[in-house]
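Next up: just one chain, as structure tokens, the form predicted alone.
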Amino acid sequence: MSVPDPQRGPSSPPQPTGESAPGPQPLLGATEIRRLANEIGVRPTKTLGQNFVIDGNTIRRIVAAARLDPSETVLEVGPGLGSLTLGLLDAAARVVAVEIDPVLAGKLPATVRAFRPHLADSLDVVLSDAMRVTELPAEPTALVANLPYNVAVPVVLHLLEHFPSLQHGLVMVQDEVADRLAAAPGSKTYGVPSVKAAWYSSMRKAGVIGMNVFWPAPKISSGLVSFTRREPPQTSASREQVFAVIDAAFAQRRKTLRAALAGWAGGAVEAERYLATAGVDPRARGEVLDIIAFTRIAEAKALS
């Protein structure tokens, strides 16, 4: 692969010398991203939710907000052409990149060898659907990813479930999805993503990213969500039992819990009984309950 002249500007790659260069390393800009895409005949597709970051300052902002320790192994989902990957390699000990597109997965190691030759051995590329991956070549301690809008929530929940080594992370998602993940009980955006995410971690919104830093530019802004792993609530109910209550409570959002949980409980009378056992007002709606309250409801049925 040809390497552009490093005099072209701050987003140009270094010459591959095989040695670590001092100071901040250049990141991929719009010119490099489009050139790499042309080399392999790739055009971003809506099907895979591909929007490539083309702004180095945005990458630096994401990496800084992730608060990575230099000893960490980072899991990146959907690395695409590698713009975020390079920034993560600069900040962490290792990056495990999960990519569903075989063409992009095949190109990524060569890109890292060209732009970060001294860090090429610190990258593992896994060709897989992030929704199905359950094993990785190294245990990740952090998740940092620009996630496809259409699968962001299930991907985050899947990875938190299957990789307990993940202790913290930062994901970039559609802005309204970011609001849902980080929402607190009682807010208009509080719902299934908010409660299920709270089973695994505490989440907070860490910023908004504009549209023009992507290729192609999406029609809406993106949001950054930071999370820190915590232990699930102590309960005799299983995660599946708790999540079933959550799904039922929000399937008919405007109904009272007595009505919304009737199908789950086997009738409105049974639902009211379980709610009373859990100390929850049957006239309340799911949007006002935290993860602990949902856990108590699930436990009330499990112990009945």
Ligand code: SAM
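A residue's number is simply how far along the shown sequence it sits, counting from 1. Note that this is a predicted model, so its numbers are computed, not measured.
There is another form of this protein, the form predicted together with this ligand, and it is not shown here; the text below is about that form.
Stretch from 109-117, 184-192, 225-233, 76-84 whose residues place a heavy atom within 4.5 Å of this ligand in the model of the complex: Single hit among the candidates: 76-84.
Would 52, 99 and 130 all count as contacting this ligand in the model of the complex, using a 4.5 Å heavy atom cut-off? Every residue of the spot touches this ligand in the model of the complex.
Sort through 147, 125, 177, 136 and report the residue having a heavy atom within 4.5 Å of this ligand in the model of the complex. Looking at 147, 125, 177, 136 one by one, just 147 meets the 4.5 Å heavy-atom criterion.
Among the candidate residues 92, 104, 171, 166, which is the single one with a non-hydrogen atom no more than 4.5 Å from this ligand in the model of the complex? If I apply the 4.5 Å criterion carefully, the residue I get is 104.
Check each residue of 189-223 against this ligand in the model of the complex and list those with a heavy atom within 4.5 Å, in sequence order. None of them.
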